[in-house]
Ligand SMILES: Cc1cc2nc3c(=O)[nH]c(=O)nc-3n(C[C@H](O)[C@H](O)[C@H](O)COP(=O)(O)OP(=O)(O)OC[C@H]3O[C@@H](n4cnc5c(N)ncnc54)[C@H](O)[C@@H]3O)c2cc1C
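Given next, in structure tokens, is a single chain: the form predicted alone.
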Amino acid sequence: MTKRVNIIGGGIAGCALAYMIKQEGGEPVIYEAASSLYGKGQEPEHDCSTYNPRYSAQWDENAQYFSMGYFEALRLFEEFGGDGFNWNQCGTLQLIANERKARRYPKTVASWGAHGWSEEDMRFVSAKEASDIAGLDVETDCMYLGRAGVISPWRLCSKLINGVEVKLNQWVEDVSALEGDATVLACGTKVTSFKEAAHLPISGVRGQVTFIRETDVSSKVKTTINYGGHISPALDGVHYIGATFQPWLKHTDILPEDDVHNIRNMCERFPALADKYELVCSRAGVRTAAKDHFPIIGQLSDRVYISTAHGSHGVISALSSAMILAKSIVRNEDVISKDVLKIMSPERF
């Protein structure tokens, strides 16, 4: 018998879950309080997000969780075809900018490499090789992920929900009022408005990203570079840079000083990029985080599940959580180790 699964929330977590539920033979239905999915109306003119895992020094539960989502992302992007959602597999350089990262990243490369990550997926590069990869002078050695890059989350969500029933302008107050075999709360910080999740220590972290017109100088950037902030190669003549980190703010109003911060941060890290940039647009959002910085995934009560707190690695985390929940709900099977399920479970609180 086909299982009907209600998904409350139409962001990347909800859309990824709908896709995975459908792949497992279930019947997903998305309930979204807004008038459109992914918190936006019409397709944004500029929409971009980096995708890479959250790194850990050892092959621990965090590494297993994000590794699974990362390789699933690569598989999906190949299957969907990059032209459909501005996929640019340009690679990502992670600067080794301090002593902590200098100690941590060699352990990451060694431990992840022992568990299936090839040199194409992750390796060390010297400052000289990093400069050749980046297209500008990089002063430190780097960890390089050759298959990471950027995508359009809006377009990715559109791909994920193909053939899925979506109910817009539908705010659900009581999950028990929904028909179906299971309900998943996947609506960010709003999960705590439901009694089943009201006890969870979840907070919002505001971040603003900036889109700038490329110049002759910046047009040489060939890969995404993470340096505490990040810059992506230009797409249609526009760079995506960011991002601020403001856990004390909960609004999504655009702050001009945040754009100044993002541009200044980039130019201070890479003096060669110092130039006069034209601001194209800005976006602000509130990422959801748990107090221990791990996602919250699993069963809350009878037939009620949760997927939230995906933080700044939302694309990869959303796919990992979707694989875990879809297999559990539809097949009553585990797709990852019990240790990973335990550390992500809402029961840890």
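Here the structure is a predicted model, which means the values were calculated and not measured. One-based numbering along the sequence shown.
Missing here is the form predicted in complex with this ligand; even so, the following discussion is about that form.
Legend entry - Contact assignment for this ligand in the predicted complex, among Tyr277, Trp117, Tyr240, Trp87, heavy atom within 4.5 Å: Selected residue: Tyr240.
Legend entry - Option touching this ligand, based on a heavy atom within 4.5 Å in the predicted complex, out of Phe294, Tyr305, Tyr55, Tyr38: By the 4.5 Å heavy-atom cutoff, the listed residue in contact is Tyr38.
Inset, instruction - Assess the spot marked by Ala33, Gly188 and Gly207: is this ligand within 4.5 Å of a heavy atom from every one of these residues in the predicted complex? - result: The answer is yes: all three residues contact the partner (heavy atom, 4.5 Å cut-off).
Legend entry - Listed range touching this ligand, judged in the predicted complex by heavy atoms within 4.5 Å, from 170-178, 269-277, 98-106, 67-75: Checking each option against the 4.5 Å cut-off leaves 170-178.
Legend entry - 4.5 Å heavy atom contact, Ala13 to this ligand in the predicted complex: Ala13: yes, in contact with this ligand in the predicted complex.
Legend entry - 4.5 Å heavy atom contact, Val5 to this ligand in the predicted complex: Flag for Val5 set to no.
Legend entry - Close approach of Asn62 to this ligand in the predicted complex, 4.5 Å, heavy atom: No, no contact at 4.5 Å.
Inset, instruction - With heavy atoms only and a cut-off of 4.5 Å, decide whether Val286 touches this ligand in the predicted complex. - result: Val286: yes, in contact with this ligand in the predicted complex.
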